[in-house]
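Listed next as structure tokens: two forms of one protein chain, kept apart as structure 1 and structure 2.
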Structure 1
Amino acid sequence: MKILNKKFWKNSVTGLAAGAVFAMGTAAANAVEIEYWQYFFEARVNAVDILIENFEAANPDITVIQTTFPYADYRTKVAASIPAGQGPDVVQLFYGWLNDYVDADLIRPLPTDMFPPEQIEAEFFPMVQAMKRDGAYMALPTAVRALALFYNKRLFEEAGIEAPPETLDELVDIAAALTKRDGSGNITQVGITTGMNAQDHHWWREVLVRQFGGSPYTDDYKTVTYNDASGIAALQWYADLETTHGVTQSGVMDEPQAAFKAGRAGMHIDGSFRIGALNSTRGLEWGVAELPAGPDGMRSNYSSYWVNAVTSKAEGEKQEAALKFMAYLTSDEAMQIWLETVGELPAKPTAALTDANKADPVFGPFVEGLGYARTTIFANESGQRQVIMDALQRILLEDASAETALGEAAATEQALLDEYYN
């Protein structure tokens, strides 16, 4: 094509125009164009750009177009577009949304010859099995995320603390040493950030409740079981950070990660997706540690993931191209690129639990956490989050006991679950 164009260039301007039209015509004839959608998060967009470049180099006849939307709009855009036959051929969905899409026949099962279930089960983390329907997988992740404790190295040094906390008791002591107040007693630097709205509701549900001896739900996540002595103890412990120990203030500096980024928080619990943003914060020296162990040494973690799926819009050669792209997105190579660009961990233990990753000071604690992490199956994540947020607010603002607050939370959440599943 290039040679053809060059010849025309030498001839005349009209020749060039004709050549361009000709070139465009042939290119369109043998190229398949597919669309990939995800929400906008800079590191993720960059990662997909790299993946598309590699994929197109290996498959010159396929063009992948990436489209992104702000996170707040993403779910609605996807939900409105796919049923209308408008949206993407390959789409990124939160694992918790899968049911609705499967029920509405909006995504296609991955063919078992290209994606054999036995192989997936042998290679991927077990939580991915939630993506299986009738013997075939509906969707697969590139990466998974877990929680860990971020800590500010400078503040630790300043307070003479050598290592991040290993247990919940140590966490309280260290947080106390890191807390600063002004002359009127107002907190100006928190020992640990809190706020059930960010990642703490996951920490409470899957980690604290279990560490205090309970379990948040039945195994199918359709029944609330945290409303017992262990759940109450877990909520009380969390509320005590603010009410008794005074080492935190929920919502300090508006958002917990903002307080940590600004160096106004000694510790902060967050997901692996925060790594990219913290890396680009100048002057912040931070480290990562595993979530502290419970009273009897038990560790737990919460893991979540976004999956890729082929939509029912992709048909014929587009479907073929979409499946090829899916295969690449879930390859070891793609997972490594994702880890390096976004900081999210590979979805396969073979790729994630390598010695190099375990020894990595930043990825290490997350990788360890993945080994014992649980994945909550949400019916309505924001609704279920609100329930836990409200329980804490009742304690902080209305002086309710942890028992009353949790009782109300359990009843409300159970109603949400019943309505969704029945």
Structure 2
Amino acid sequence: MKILNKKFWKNSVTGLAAGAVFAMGTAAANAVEIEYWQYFFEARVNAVDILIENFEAANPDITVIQTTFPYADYRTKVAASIPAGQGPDVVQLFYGWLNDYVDADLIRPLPTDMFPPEQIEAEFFPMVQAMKRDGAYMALPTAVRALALFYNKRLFEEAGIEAPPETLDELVDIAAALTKRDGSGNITQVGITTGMNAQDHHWWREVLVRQFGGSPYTDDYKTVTYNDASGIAALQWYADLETTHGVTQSGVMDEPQAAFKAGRAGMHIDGSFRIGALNSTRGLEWGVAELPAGPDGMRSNYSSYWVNAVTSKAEGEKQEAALKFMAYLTSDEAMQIWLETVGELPAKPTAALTDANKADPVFGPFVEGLGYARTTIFANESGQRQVIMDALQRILLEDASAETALGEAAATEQALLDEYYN
């Protein structure tokens, strides 16, 4: 892994971060310590360690302490600590959680003189505009990500499969060839992982629904529209992977990515953030391909991002130091380090959509996916994810029809949207 020159950003930062750094001038005259929080994901932790080391080398009067928590506990810890005047000065959060953080006064708007909205909108991917409230940005990402299909090269070779699937029909055929069972008929190797609790709810919502001819929501994402023939067909196709084709098994090894890392799955759909973890998995030979095209050749994708924000707990010298750290987190250097360490693409098109990235066998499929991806605007990300998880479980465990399960899901999700927007 390449680590960039620790002093590079101080002398060479351009664009938004440069303006912020120069606007800040020197931080507090006395040493100040700030906390940075994120959930535990090894590649992300490693990336932030590098960024902190670089930042502190250029800012010896500021110390940044990184604290992490398991994903399941993370939001609760953040929500409890900040109102008590404890916890992070800079916090990482999923873009879909922004409404909750703003409503609870957990984060501060970024000063418009240091983070000019017009400059952000000129330099960053348009998807970050979901972070704007009342003329100011509440948070900004270091990187963005899309979905792609990971495949196990060794298992493909064993099965005599030369290339990953180009279409959904090919995906089913290849998954069947990769599936293995023991003498009792129990699956020992799945052709493809599934799990609505992971990235598949995004794959279904923004990819499969559209590929089957529908749309998950109205353009403003305030009204559910996936409970039509297209959405039903998309959910039925997904459920059929297990119930009809027998090429997958929900809950295998608890998490789909764990099955793929263990070599017990031929294919796995995930985000570019998985690259770092797969790179460190000894003995795993894997490749990446674009998501398979739909029945009429249509391609679709889902893009998302995690953002950094300054919390309402940060005041005085800590706030100044936190804003300076935010400036570095959104610099070109930080984005390059994140790409090399985590695998997520820079949040600026000029840095992400380069010829080198497009041609890269790993990054390339994600870059292509960003070109036609959509970003879901969540009102309640965890709640909206849960209704799709529940819909699938009604099909798998209660033998409900896809039409019935999706109708119930749509009613529940619409109630969530109405409660928030009304």
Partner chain sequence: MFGYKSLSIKQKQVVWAWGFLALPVVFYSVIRFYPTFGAVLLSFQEWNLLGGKTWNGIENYQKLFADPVFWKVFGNTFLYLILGTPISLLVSFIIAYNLDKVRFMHGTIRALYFLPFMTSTVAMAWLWRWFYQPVPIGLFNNMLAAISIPQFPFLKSTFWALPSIWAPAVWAGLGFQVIIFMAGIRAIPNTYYEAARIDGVGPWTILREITLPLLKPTIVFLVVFSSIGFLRIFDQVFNMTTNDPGGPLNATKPLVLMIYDTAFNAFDMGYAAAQTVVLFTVLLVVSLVQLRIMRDK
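Every value quoted in this text rests on a predicted model; they were computed, and no experiment measured them. Residues are numbered by position in structure 1's sequence, first residue being 1. Between two forms, the rigid core is defined as the largest C-alpha subset superposing within 1.5 Å.
Here the chain taken from the form predicted on its own appears as structure 2, while structure 1 comes from elsewhere.
Annotation: Cα of residue 86 displaced by at least 2 Å between the two structures, core superposition. For residue 167, the Cα coordinates differ by under 2 angstroms between the two structures after the core has been superposed. As a two-part rigid-body motion between the two structures, the smaller part of the chain turns against the larger by 12°, taken from C-alpha fits. Look at residue 322: with the core superposed, its C-alpha moves 4.5 Å between the two structures.
Superposed on the core, the two forms differ at residue 138, whose C-alpha moves 3.4 Å between the two structures.
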